[in-house]
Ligand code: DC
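Listed next as structure tokens is one chain, alone, in the form predicted on its own.
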């Protein structure tokens, strides 16, 4: 569903640690796009659900949420990346009723984000296949799991002292398996998406490729 002035929709999908989040932020800044991090929605619910039973009344829980709960500021967003919140978010993401609820909220933003932006870029696991299958341009970023683990290890090394590469690798392999085999909205490349292997490309090189494709398909989008 496009808005009245037909602002373009761009999607960036891919597995964990493929670089899609960093690339989406930089592309959004360069092209004045609204950056929608779709995975954060589940972390918001995970935070709200802390201490509650997963066997409880999910519909009652969802209907009781504040209206603007997904309007996230920077300080609040930092809290969402606690490990315990990630665990709750993963549990909730497996429930069809939760994914349906989140999908409706995400689709609302496709037509209601601020008019100051020239378009919108979504990043996540199912942006091009489920959230915005009508997107103008779709990308699927990928990289060998060993390389993604190494990048995540180097990223976390500056923040934590006790970091183990093997544990990170096992975690990414597990996440990939769960994302791909998930019954509802699994991780997969959209048929009309451009796949970019980032294994041996820097963030800068990947961004140049993404920009070139965007400008080739939207020549007036500068």
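Just so it is clear, the structure is predicted and the values come from calculations on it, not from any experiment. Positions refer to the first chain, counted from 1.
Beyond what is shown, the protein has a form predicted in complex with 2'-deoxycytidine-5'-monophosphate (DC); the following relates to that form.
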With the cut-off set at 4.5 Å between non-hydrogen atoms, does residue 42 touch 2'-deoxycytidine-5'-monophosphate (DC) in the predicted bound form?
-> yes
Quick one: is residue 124 in contact with 2'-deoxycytidine-5'-monophosphate (DC) in the predicted bound form, heavy atoms, 4.5 Å cut-off?
-> yes
Proximity of residue 136 to 2'-deoxycytidine-5'-monophosphate (DC) in the predicted bound form, heavy atoms at 4.5 Å | no
Could you tell me if residue 179 has a non-hydrogen atom within 4.5 Å of 2'-deoxycytidine-5'-monophosphate (DC) in the predicted bound form?
-> yes
Is every one of 20, 81 and 90 in contact with 2'-deoxycytidine-5'-monophosphate (DC) in the predicted bound form, taking contact as a heavy atom within 4.5 Å?
-> yes
From the candidate stretches 179 to 187, 162 to 170, 27 to 35, 58 to 66, select the single one in contact with 2'-deoxycytidine-5'-monophosphate (DC) in the predicted bound form, where contact means a heavy atom within 4.5 Å.
-> 179 to 187
